[in-house]
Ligand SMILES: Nc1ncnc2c1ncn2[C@@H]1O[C@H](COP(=O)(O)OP(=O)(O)O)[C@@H](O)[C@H]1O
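First, one chain by itself in structure tokens, the form predicted on its own.
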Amino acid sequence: MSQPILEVHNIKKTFGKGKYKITAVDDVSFQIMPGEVLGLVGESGSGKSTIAKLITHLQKVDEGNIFFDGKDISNIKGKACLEVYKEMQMVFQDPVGSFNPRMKIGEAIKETLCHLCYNPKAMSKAHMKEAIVSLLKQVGLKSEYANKYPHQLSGGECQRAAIARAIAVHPKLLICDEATSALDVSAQAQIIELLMELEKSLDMAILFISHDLALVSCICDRICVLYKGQEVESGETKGIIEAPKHPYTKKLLSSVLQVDIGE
């Protein structure tokens, strides 16, 4: 049996001191198997994005351990950290803001390829251009998008470009932090479809973070529900949707059903 690609064990993160101390993540544990899609769902302030930052070392855990592909990455630094993030990438909520506004889309993808994949001195311009165009095509964008700036793209197009940049390293794990929440309903559906296609074709695991339980249920194999920094329920998506156990999960599901009925 294969081992989890990501294991999070009893992680904790607090901010502030004394009476201003806030526990953002409190003793949370979960795992993701290779090729699996796990949904991390909860309202604003539940600790979802903090967990993403802890996994990607944008912030350090106070307690607990994080394992990636069997290795403890909780306190890695320098080159060891760089090696891990050749196999783990992140797609952010604001697609336009995730790019350098002065850099064309092709240049942004090239930067990732040079930094994490290839020795730019050993790669011809033609080969680099071919790699960039191939990545754009994988996410449904034409080659001419390489010469456009982020602000010239729609939100959905820019998120496709961000995904192209992320999959350039052929990651084993893709973390999507509210990656569709800034998009309209039509663009959301297209990005979800794209992620599902890439998950299968690239055989990568996905940690899909969202406040939208209905959206999470469409793409995820399993769901982990967070409330005020704590994991309150987790399990197979079907079981969570059809028979939620925790009152907060029932509340989330109830709000989804009310919206559906209203529409």
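Start at 1 and count along the sequence shown; that's the residue number. Every value quoted in this text rests on a predicted model; they were computed, and no experiment measured them.
Keep in mind that the form predicted together with the ligand is missing from the display, and what follows is about it.
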Listed residue that, although the ligand is not shown, lies within 4.5 Å of it in the predicted bound form (heavy atoms), from E236, D62, E197, E43:
E43
Would you mind picking the one in Q230, Q31, S49, S217 that has a heavy atom within 4.5 Å of the ligand in the predicted bound form?
S49
Among 197-205, 49-57, 66-74, 217-225, which stretch has residues with heavy atoms no more than 4.5 Å from the ligand in the predicted bound form?
49-57
In the predicted bound form, A243 touching the ligand (heavy atom, 4.5 Å)
no
is_contact(A24, the ligand) in the predicted bound form, heavy atom dist at most 4.5 Å
yes
